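For reference, the chain that follows is the form predicted alone, supplied as structure tokens.
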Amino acid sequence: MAVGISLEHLTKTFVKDKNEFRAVDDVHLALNPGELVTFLGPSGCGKTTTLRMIAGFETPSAGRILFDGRDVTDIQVNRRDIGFVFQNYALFPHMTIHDNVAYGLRARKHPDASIRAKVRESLDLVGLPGVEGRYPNQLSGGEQQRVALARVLALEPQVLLMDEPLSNLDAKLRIHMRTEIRRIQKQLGLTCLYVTHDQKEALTLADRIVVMNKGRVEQIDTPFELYANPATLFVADFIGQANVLPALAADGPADYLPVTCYGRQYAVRYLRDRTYTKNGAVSLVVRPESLRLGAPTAATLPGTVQLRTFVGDRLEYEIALPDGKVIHVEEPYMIGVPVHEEGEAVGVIVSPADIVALPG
């Protein structure tokens, strides 16, 4: 049965050369039973340390970890009923696939007949029937990762923890494996926490994403909300690509926030829990695919094409605005659609509904 997980003011401080470094800084969040949550952020942001504290491999400096309300902060790893899939697979090269998957079951003294049945069931679940007699070096990287997952699933954990499990695979195999992981997680109804620095992986897999930066949580939300309504400039830039335009709030917020940007007036979306003041500086976040190019008019932002790149299904442009700021525009490529040349003066068409304003 899946469990809910709560982290209450979780903190981890390391000491190196008599200097303290706070790797995880007052993380507070709740994960629902059966939910797949990804921890996303750059290297060193604290995501793996958070996962290791939940697993019991690291001891928190402060805060609590709760499984369905039960405090497991000081409970040993083998009593938390978790399964951990490592980045490097951690298979025993001298053991057959059967013995690798059976390893944890034997440690728990399951009967031999039960072990054989559970190994077959787990390998079937990950799409590897009939490989029990092979050795890890006889399998591909993707197959080895599936064996590592089968070994964990054989123990029927309540919580599945995965630390960048696909980082050693090639791009095509990663796409296939993340689909398989999502299928298995949903089929079993497991609560799953998944660490990655790959935004596409996070967006594809997650029910919700925890974006971390410098040990702190920047935003927790669904992939759709994170992309459409980033709460900070860090999130806007880390999730996808974002153009950030300087503007002034022309008035206080109402249903929309009136702003002035390069002399143009817009009424845009804004964050209801933030403070916006009349004539106060704001940053307008707009995605490259939300912009379009046309002829310069009084209603468009004036710009010049600096660079055009053809990538098959779309055209990517770098557009210089009057103050020298460069923004990115992506347009789908279709036969008959005008293609703009480098050096050409263009008008950037902005839809206010596609903009979100952040204070400052």
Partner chain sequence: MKRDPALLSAITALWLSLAVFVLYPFGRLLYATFFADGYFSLAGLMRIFTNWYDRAAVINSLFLALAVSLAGVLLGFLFAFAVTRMSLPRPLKWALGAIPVLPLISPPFTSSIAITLALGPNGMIFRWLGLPQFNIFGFWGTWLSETLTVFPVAFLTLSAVLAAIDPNLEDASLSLGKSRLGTFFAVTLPLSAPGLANAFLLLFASSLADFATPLVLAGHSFPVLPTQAYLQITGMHDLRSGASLSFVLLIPALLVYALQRYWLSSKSFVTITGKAGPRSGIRSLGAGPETAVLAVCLLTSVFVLFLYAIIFLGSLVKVWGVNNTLTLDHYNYVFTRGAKAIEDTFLIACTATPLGAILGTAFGYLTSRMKFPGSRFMEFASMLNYALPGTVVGISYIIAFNTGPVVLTGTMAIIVSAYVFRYDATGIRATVASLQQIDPSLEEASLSLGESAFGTFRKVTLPLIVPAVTAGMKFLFIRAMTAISATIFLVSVHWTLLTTRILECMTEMQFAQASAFSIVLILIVFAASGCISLAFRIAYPRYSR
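Positions refer to the first chain, counted from 1. Every value quoted in this text rests on a predicted model; they were computed, and no experiment measured them. Superpose the two forms; the largest set of C-alphas matching within 1.5 Å is the rigid core.
What comes next is about the form predicted together with the partner chain, which is not displayed.
Item to check | S140: touches the partner chain in the model of the complex, heavy atom cutoff 4.5 angstroms | outcome: S140: no contact with the partner chain in the model of the complex.
Checklist entry - So in the model of the complex, does Q187 come within 4.5 Å of the partner chain, heavy atom to heavy atom? => result Because no heavy atom of Q187 falls inside 4.5 Å of the partner chain in the model of the complex, the answer is no.
Next on the checklist: Under a 4.5 Å heavy atom criterion, is V286 part of the interface with the partner chain in the model of the complex?
Outcome noted: The answer is no: V286 has no heavy atom within 4.5 Å of the partner chain.
Next on the checklist: I'd like to know whether Q265 contacts the partner chain in the model of the complex, with contact meaning heavy atoms within 4.5 angstroms.
Outcome noted: No, Q265 sits far enough from the partner chain in the model of the complex that none of its heavy atoms falls within 4.5 Å.
Checklist entry - 289 to 297, 307 to 315, 53 to 61, 324 to 332: which one contacts the partner chain in the model of the complex at 4.5 Å, heavy atom to heavy atom? => result Comparing against the partner chain in the model of the complex, the contact stretch is 53 to 61.
Checklist entry - If you check V131, I175, L169, M95 against the partner chain in the model of the complex, which one has a heavy atom within 4.5 Å? => result None of the others qualify; the residue that does is M95.
Item to check | V126, L160, L91, I239 - the one with a heavy atom within 4.5 Å of the partner chain in the model of the complex | outcome: By the 4.5 Å criterion, the partner-contacting residue is L91.
Checklist entry - Can all three of L7, V27 and F67 be found with a heavy atom no more than 4.5 Å from the partner chain in the model of the complex? => result No residue of the spot touches the partner chain in the model of the complex.
Item to check | Residues within stretch 70 to 89 having a non-hydrogen atom within 4.5 Å of the partner chain in the model of the complex | outcome: Counting only heavy atoms within 4.5 Å of the partner chain in the model of the complex, the contacting residues of 70 to 89 are D74, Q76, V77, N78, I82, F84, F86, N88.
Next on the checklist: If I superpose the two forms on their rigid core, does the C-alpha of Q87 end up displaced by 2 Å or more between this form and the one not shown?
Outcome noted: Comparing the forms between this form and the one not shown, which are aligned on their rigid core, Q87 does not shift its C-alpha by 2 Å or more.
Checklist entry - Core-aligned, does T96 move its Cα 2 Å or more between this form and the one not shown? => result Yes; that C-alpha moves by at least 2 Å between this form and the one not shown.
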